[in-house]
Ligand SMILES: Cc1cc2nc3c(=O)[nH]c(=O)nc-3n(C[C@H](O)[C@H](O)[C@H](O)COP(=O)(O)OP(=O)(O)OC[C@H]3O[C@@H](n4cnc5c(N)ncnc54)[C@H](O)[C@@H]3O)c2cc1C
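Just one chain follows, in the form predicted on its own, and it is written as structure tokens.
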């Protein structure tokens, strides 16, 4: 077991068969991170002493300049022995529910659309989570963890449910969709993520989702609808798909108390000229355009949660900045 010393904080923690960032999070430390899969670069640290190697070879977020300066990605770096590092710890990254490694048995698989399916797992031990958080899944025959958000609420942590979109030729989703049968198990690591529901926020809620970004936004909506602290808040949920057959989520919100009164669902398609869109009566355009059209100058009055493909997330972020929404009211986990 390696001992990791954070020289600028005078803190030590142990790391056994784990990455440095995840071991730190499990130890209750505020180690910066976001995607957990080597894509975003938010978990960079400086290696002062010791030796590490990467779980994922050549992760996209690392640069040649980083390597020259002995900067590594905490979510991918595993120590070969005791190490001394330098990293700015932040209380905001401390996890309410410390992540753990568990096994989960698949108990149901339910089609949501032609390419999104909800997978429900019963965990080997309870692992509570905050609405909107994600876990790292280890599908059968796939190297490395893959990040997917839960769609249920996690007060008890007995089950984790995921709404996952099949990616054509995707290694992980092919394994989950085609090789995992009800009754079989796989490994999980979590919860992780900073885009969780803020029950203390004194604002109405706006959820923006596209693709499998449905999953964390449904979790947020479900938890917000059940929250005593948020009883007086309105919840607006905008889901965007390419064509009508991609649109989903409304039936899940209709099950919530307050639907049609304080909970409102809005659907949009980005390809209104597609033959299948004939007769479409909902909104047209991209999610960020629809949100701007519907709420305009009032966007800064919302607590905004969003999830979806990278281009969607970038467009939403740009739109919210333009609308002068404070950064503290924008919640999105950067992983793809």
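Positions refer to the first chain, counted from 1. Since the structure is predicted, the reported quantities are computational estimates derived from the model, not experimental observations.
Not pictured, yet referred to below: the form predicted together with this ligand.
Peer 1: Can you tell me whether residue 143 touches this ligand? I mean in the predicted bound form, with a 4.5 angstroms heavy atom cut-off.
Peer 2: Flag for residue 143 set to yes.
Peer 1: Contact between residue 334 and this ligand in the predicted bound form at 4.5 Å, heavy atoms?
Peer 2: Yes, residue 334 is a contact residue.
Peer 1: Taking this ligand as it sits in the predicted bound form, is residue 39 near enough to touch it, meaning that at least one heavy atom pair lies within 4.5 angstroms?
Peer 2: Judged by the heavy-atom cut-off of 4.5 Å, residue 39 is in contact with this ligand in the predicted bound form.
Peer 1: Contact between residue 129 and this ligand in the predicted bound form at 4.5 Å, heavy atoms?
Peer 2: No.
Peer 1: With this ligand left out here, work out from 223-231, 79-87, 242-250, 171-179 which stretch has heavy atoms within 4.5 Å of it in the predicted bound form.
Peer 2: Residues of 171-179 come within 4.5 Å of the partner.
Peer 1: Report the residue, out of 256, 107, 98, 167, that has at least one non-hydrogen atom within 4.5 angstroms of this ligand in the predicted bound form.
Peer 2: Checking each option against this ligand in the predicted bound form, the one that comes within 4.5 Å is 167.
Peer 1: Would you say all of 153, 158 and 219 touch this ligand in the predicted bound form, counting a heavy atom within 4.5 Å as a touch?
Peer 2: The answer is no; none of 153, 158 and 219 reaches this ligand.
Peer 1: Within 4.5 Å of this ligand in the predicted bound form, which residues of 146-163 have a heavy atom? Give them in sequence order, or say none.
Peer 2: Residues within 4.5 Å: 146, 147, 148, 149, 163.
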